[in-house]
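In the block that follows, a single chain appears as structure tokens, in the form predicted alone.
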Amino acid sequence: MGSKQRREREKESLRRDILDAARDLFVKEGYENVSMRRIAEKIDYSPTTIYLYFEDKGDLLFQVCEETFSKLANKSESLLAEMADPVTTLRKIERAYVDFGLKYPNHYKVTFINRPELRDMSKYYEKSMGQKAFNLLKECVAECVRRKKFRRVDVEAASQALWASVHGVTALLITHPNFPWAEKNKLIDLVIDTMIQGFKV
């Protein structure tokens, strides 16, 4: 391995360490309570070093969220590529969303639960992986309508409703693990199937 490649790997490794430390602190201490200095202390670097990789704390939070959305978008993209029946694919996308959140609760908490309102959402969200992940869900809903599997609905509103339902069950299962829930898989599938059934012709 050449010296240039080694430097690139070291830079990527440090960037990874910064993201991991930030995610951990955002979950444990809250975004508002974590400073760039605090993140730097966790990885034994100076705050100046972090600013070489990230513009500010908002940018760092955005990149943590992008990583989460990227994983979700990639999974949805692969399911759409294999699509035969759009309703079946939509159900798989919804289930993959919940499964991801439960498998990576810290990612999910930072991205969807503990995340504060960013001052300029357009700066962060436009053309982001979050927008891409939602657009893939919307694409599947539109295909259900096009093939007359769903009645004619407002695709944007229907997609938001479907996302809201799976977000709700995911967030509740993560934040209230001691509640006497019904059998987990039965509950998740019932939420998804009930929502999808409501849009069918």
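The shown structure was predicted, so the numbers you read here are calculated from the model rather than taken from an experiment. For every residue, the number given is its place in the sequence shown, counted from 1. Basically, rigid core = biggest C-alpha set you can superpose within 1.5 Å across the two forms.
If you look for the form predicted in complex with the DNA, you will not find it shown, but the lines that follow are about it.
Only one listed stretch (136 to 144, 63 to 71, 44 to 52, 155 to 163) carries heavy atoms within 4.5 Å of the DNA in the predicted bound form, and that stretch is 44 to 52. Contact with the DNA in the predicted bound form, defined as a heavy atom within 4.5 Å, holds for exactly one of H167, K28, R151, K57, namely K57. The closest heavy atom approach of L14 to the DNA in the predicted bound form falls within 4.5 Å. Proximity of L173 to the DNA in the predicted bound form falls outside the 4.5 Å heavy atom cutoff.
Contact check for K200: no non-hydrogen atom falls within 4.5 Å of the DNA in the predicted bound form. With the core held fixed between this form and the one not shown, D154 has its Cα displaced by under 2 Å. The Cα position of E183 differs by less than 2 Å between this form and the one not shown after fitting on the rigid core.
In the predicted bound form, the Cα-Cα separation between D17 and P105 grows by 3 Å or more relative to the displayed conformation. Cα-Cα spacing of A171 to D17 is enlarged in the predicted bound form versus the present form (difference of at least 3 Å).
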